[in-house]
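Taking the form predicted on its own, here's one chain by itself in structure tokens.
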Amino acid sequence: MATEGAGLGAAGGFAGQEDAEARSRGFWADSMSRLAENRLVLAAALILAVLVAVAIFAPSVAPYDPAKQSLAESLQGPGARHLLGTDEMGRDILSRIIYGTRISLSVGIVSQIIACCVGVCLGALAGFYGGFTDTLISRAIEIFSAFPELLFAIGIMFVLGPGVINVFIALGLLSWTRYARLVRGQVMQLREMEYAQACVACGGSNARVILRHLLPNCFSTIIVLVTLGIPGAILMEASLSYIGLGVQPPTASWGQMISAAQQYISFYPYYSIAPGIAIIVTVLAFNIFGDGLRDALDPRIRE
């Protein structure tokens, strides 16, 4: 029994030492260390890094101009000249997928930045001030959340018209509510903490309390929301482009490519399979990385 107690004591000592080391490294260093231990998340991060590099250096990576037409080479299968074949206009499918990476990533990132800015501001105001301000913003959140997302996006695009900029705006307006809801809840809890009350007692303005003491403590949650919101925005853009309300030709878009390929799918499946795989890989990589980031930044989770 003494030996067993000593063993438990040693194990507890090691655990305490690990916790002390984690605290000494700091929250962000410890979170990144835990993130680096997950090989699946690292693989997803590598895929995302490759996609970002492809989007940035698309003119150097793409073998052909994505808008260049050659009707004599239309609907050719994969070969040495065109690795993924050509579309109905004779355009290189691989080049259009590479340039489509730019559209998908930019739509995902920019729309989430817009949603983050709107949602965080409104959520912080509702959580900090409460009362009528909270009631007004909460009702707006409920109204925007009541509509099915795709139908709401279609309605916004119908009013604004198709185009990349309007897709940014539509998807930003579509997803701000999740940011506002979570930030509101966190700010309501954090404003009662001693450090926030001390800042108010020392004469700190409301803006200082919110910007310097409350929102920084919501930063990890916001990062995870942005990461997990990007794949949803990519899928929504592909859906809008598929029905003709998103990115317009000749601009390369994965959803628009799948839409154009549907009439040839019975005898020429390469055309639709390639952009479909691009969407699946991108969305899956973002979801895996977002889940891993959420687990790494959650202080309640310990491996």
Partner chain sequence: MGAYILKRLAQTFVVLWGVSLVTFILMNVVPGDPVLLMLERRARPEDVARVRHEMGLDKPRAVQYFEFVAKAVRLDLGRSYFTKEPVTTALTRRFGVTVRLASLAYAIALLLGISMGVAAALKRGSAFDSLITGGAALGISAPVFWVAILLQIVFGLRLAWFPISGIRSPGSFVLPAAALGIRYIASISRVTRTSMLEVISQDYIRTARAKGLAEKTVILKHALKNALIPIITLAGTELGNLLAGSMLTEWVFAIPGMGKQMVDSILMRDLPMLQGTVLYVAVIFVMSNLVVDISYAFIDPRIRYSHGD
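Every value quoted in this text rests on a predicted model; they were computed, and no experiment measured them. Residue numbers count along the first chain shown, from 1.
Here the subject shifts to the form predicted together with the partner chain, a form of this protein not shown in this document.
Tell me, which of 204, 78, 155, 216 has a heavy atom within 4.5 angstroms of the partner chain in the model of the complex?
-> None of the other options qualify; the answer is 155.
In the model of the complex, which of the listed residues (48, 35, 58, 235) lies with a heavy atom within 4.5 Å of the partner chain?
-> Contact with the partner chain in the model of the complex is made by 235 alone.
Residue 269: touches the partner chain in the model of the complex, heavy atom cutoff 4.5 angstroms | Yes - in the model of the complex, heavy atoms of residue 269 and the partner chain come within 4.5 Å of each other.
Answer for residue 131 alone: is it within 4.5 Å of the partner chain in the model of the complex, judged on heavy atom distances?
-> Contact check for residue 131: no, nothing within 4.5 Å of the partner chain in the model of the complex.
Partner proximity in the model of the complex: residue 295 to the partner chain, non-hydrogen atom cutoff 4.5 Å | Judged by the heavy-atom cut-off of 4.5 Å, residue 295 is well away from the partner chain in the model of the complex.
Is there a heavy atom of residue 239 lying 4.5 Å or less from a heavy atom of the partner chain in the model of the complex?
-> Residue 239 belongs to the contact set for the partner chain.
Which single stretch, out of 117-125, 189-197, 135-143, 90-98, brings residue heavy atoms within 4.5 Å of the partner chain in the model of the complex?
-> Answer to the contact question: 135-143.
Can you name the residues of 268-295 that have a non-hydrogen atom within 4.5 angstroms of the partner chain in the model of the complex?
-> Residues within 4.5 Å: 269, 272, 273, 276, 277, 279, 280, 283, 284, 287, 291.
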